[in-house]
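One chain comes next, on its own, written out as C-alpha cells in the form predicted alone.
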Amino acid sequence: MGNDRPPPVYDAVVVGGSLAGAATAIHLAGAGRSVVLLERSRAFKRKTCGEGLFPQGARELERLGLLSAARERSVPLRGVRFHAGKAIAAAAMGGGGGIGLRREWLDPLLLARAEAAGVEVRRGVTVRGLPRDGPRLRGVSTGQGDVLARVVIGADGLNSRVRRLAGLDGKRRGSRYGISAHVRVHGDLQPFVEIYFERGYELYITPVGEAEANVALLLRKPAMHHFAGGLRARFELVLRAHAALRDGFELLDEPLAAGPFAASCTRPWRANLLLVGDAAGFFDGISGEGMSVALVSARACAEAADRYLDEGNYQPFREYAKRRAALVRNSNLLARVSLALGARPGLARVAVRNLQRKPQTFEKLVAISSGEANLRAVRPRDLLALATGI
C-alpha cells in the first residue's frame, strides 16, 4: 500500500535544462518554490551559439552567484566590430564589458547550481503531452509518466515541443541558418566580437579562450544548400579563404548547424504555461545577444510564475509578456541593422564606413542591444549618421 501514494504536485515543472530553463529554475527555487526540471538529453551537448555574453548577461550570472566561476573559464569582451570591405567600425561595450565562454561549460555550471539550490533535475526525460484540467494544465506527460505541477515552463529551445503542443507556434518561419565550430587561431585574437559582412553570408568570430574562438557563419537557405552532404569540408573551405583567418587555424570540433530562424511565437504564455528563452521566439543570432536575453528573461519568467502561484491570476503573465517584448525589441536592434547590411553588401560598406566616422552612433546601437540603454537613446541624427556619415 505504500506504493499507492499520489504523485507529488510541484509548484513548477521546467522543460529544458539549458541557460533559460536552469536559470528560471534557480530563481524559483530561491523564492522557496518546489521545482522539477526535465531535460531530454542525458549528457551535455554543444550548441550552435555565438557564445558571447554581453554586460546584462554577465550581471545575471552575478545574481546567480556564478560570475566568478564563469570568469575563470572565459575571456573578456570589450566591444563589437563591424567589417565590410576595407571599412571597420568599432564600438565599446559599457557596463564593464562582456565575456566569451563555451556553452558546453556554462550549461553544466548552471544546472549544477540549480541542483544545489534544491531543484530536482531529471535527465533523459522527453515531454510527450500537456494534460489538461479544464483550461489549465495539470503538468506534463512524459515517457516515464505524468509530472504534475501548478505552473508549466517551456524552455526547450528554438524548435520547442512545448510551444508546439500548446498551440503557440507562430505561422511564419524564417530562412536563416547558422553553422558554428571552435577553432584555435594562429594569429592574435582581440577582445571584440567581430562581424564580417560578405556576399551571401556573415562571418562571426567570438573569442572564448586563449587563442580559441567560436566561429559562426550566418546565411540564408539558398547558400545553406552548398553545405549539404559536406558540412565540415565546406565550412573549413570558407574559413580558410577568409582574410580574417589568413594566419591559419585548427578546427577543434565538428561544425554544427541550426535553423531555420527566425522562429516566432504567438505569445509567451497560455493559461498556467509560460515560455522562456528561444522557446518564446528567436530572431537571429547575428547580434550575439541570445545568451544574455535568455538569462534576463529567465529572471522575469520566474518572478511572474512566483507571483502567479501567490495570486492565482494571469496578470503577472501579461506583465511578463510586456517585459519580454521590450527586452527582445531592444536586443534585436543591432541584429536588425546587421541583417539589413548583410543583405546588401554595397550598403554595408557605406554604412560601416559611416559608423567608422561616427563611433558614438555605433556605441548607442551596441548599448541598446546589450541592455545599457533603450530605444529612446536613438535620435534622428543617429539615423542620419548611419545613412550618410554626417
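So that there is no doubt, residue numbering starts at 1 and follows the sequence shown. Nothing here was measured: the structure is a model prediction, and the numbers come from that model.
Here the subject shifts to the form predicted in complex with a small molecule, a form of this protein not shown in this document.
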**Message:** Can you work out which of L148, A89, A258, L189 has a heavy atom no more than 4.5 Å from the small molecule in the predicted complex?
**Reply:** A258
**Prompt:** From the list A348, L61, L38, L365, which entry has a heavy atom within 4.5 Å of the small molecule in the predicted complex?
**Reply:** L38
**Request:** Determine which one of 241-249, 68-76, 265-273, 156-164 lies within 4.5 Å of the small molecule in the predicted complex, judging by heavy atom distances; exactly one does.
**Result:** 156-164
**Message:** Check G290 for me: does it contact the small molecule in the predicted complex (non-hydrogen atoms, 4.5 angstroms)?
**Reply:** yes
**Residue contact check: D278 to the small molecule in the predicted complex, 4.5 Å heavy atom** = yes
**Request:** Look up in the predicted complex whether N354 has a non-hydrogen atom within 4.5 angstroms of the small molecule, and give yes or no.
**Result:** no
**Prompt:** With the partner left out of view, is K47 within 4.5 angstroms of the small molecule in the predicted complex by any non-hydrogen atom?
**Reply:** yes
**Message:** Check for me: heavy atom within 4.5 Å of the small molecule in the predicted complex, for each of M93, G98 and C301, yes or no.
**Reply:** no
